[in-house]
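As a starting point, one isolated chain is supplied in structure tokens, in the form predicted alone.
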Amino acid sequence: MNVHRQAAIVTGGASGLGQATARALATRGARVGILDIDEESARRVATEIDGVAAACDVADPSSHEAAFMAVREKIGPTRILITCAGIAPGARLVGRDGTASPLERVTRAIRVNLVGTINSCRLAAADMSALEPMEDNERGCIVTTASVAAFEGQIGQLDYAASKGGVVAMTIPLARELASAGIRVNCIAPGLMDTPMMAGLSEPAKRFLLETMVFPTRLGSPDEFAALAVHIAENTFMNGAVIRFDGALRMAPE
């Protein structure tokens, strides 16, 4: 797909991987819509890339749908969707004191990361299905974001690993379902990335994690993630793939 002048929505586009991807798409001439719970930052980034923004809580169906509608009015129906909105709160099934953790706590990441991603795909796919086909009868492209935690979740990552595992698992069935409409679906599973989510860790924790890296022994950059996401959008033969993007990292139990 030639992304130039195509309408692209990036969820979680106000920071981290999403912001880098929004900027990369804009550099290639895409009309970019940024959805983020941080409306102020989303509008700032949108202004810088000549895009548009809307406040969006992906865990709230009403907010989610309203944001899609607001962006669609300005840049048109979605041709490209990159889902980067997500959280990594961490939760144990049973607390250190032996009591069961509140259900709300151990399912929050699932509501945001998994259900939120499914809803983004649902709304975008409806837009894409109604578009005129392009080369290879393609109507659209969806790129979701999982995590290596989908494969090697650590202790205390129950909810996060489950949510990202769900994102990985939905890739093939969604690619198969949407194939008749000419919509491709792929998933990127990043490892340790230099994002605000990582910035919250202590320096000893960061050093420990970096010691587990194979090569290169550093954090991945948001720009590297963005380059891959844009390549997937541009490469029409990429479909139904889950790509580990982790420098050969395999997470330890804790």
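Don't overthink the numbering: it's just position in the shown sequence, from 1. Owing to the predicted nature of the structure, the values given are computational and were not obtained by experimental measurement.
FYI, the form predicted in complex with a small molecule isn't displayed, but the following is about it.
Of the candidate stretches 94-102, 139-147, 68-76, 178-186, only 139-147 has residues with heavy atoms within 4.5 Å of the small molecule in the predicted bound form.
L192 is the sole member of L228, A26, V52, L192 with a non-hydrogen atom within 4.5 Å of the small molecule in the predicted bound form. Among residues of the shown chain, C84 is one whose heavy atoms approach the small molecule to within 4.5 Å in the predicted bound form.
For A46, no non-hydrogen atom is located within 4.5 Å of the small molecule in the predicted bound form, even though that partner is not displayed. Under a 4.5 angstroms non-hydrogen atom cutoff, the small molecule in the predicted bound form has S15 among its neighbouring residues. Interface membership of M198, defined by any non-hydrogen atom within 4.5 Å of the small molecule in the predicted bound form, is confirmed.
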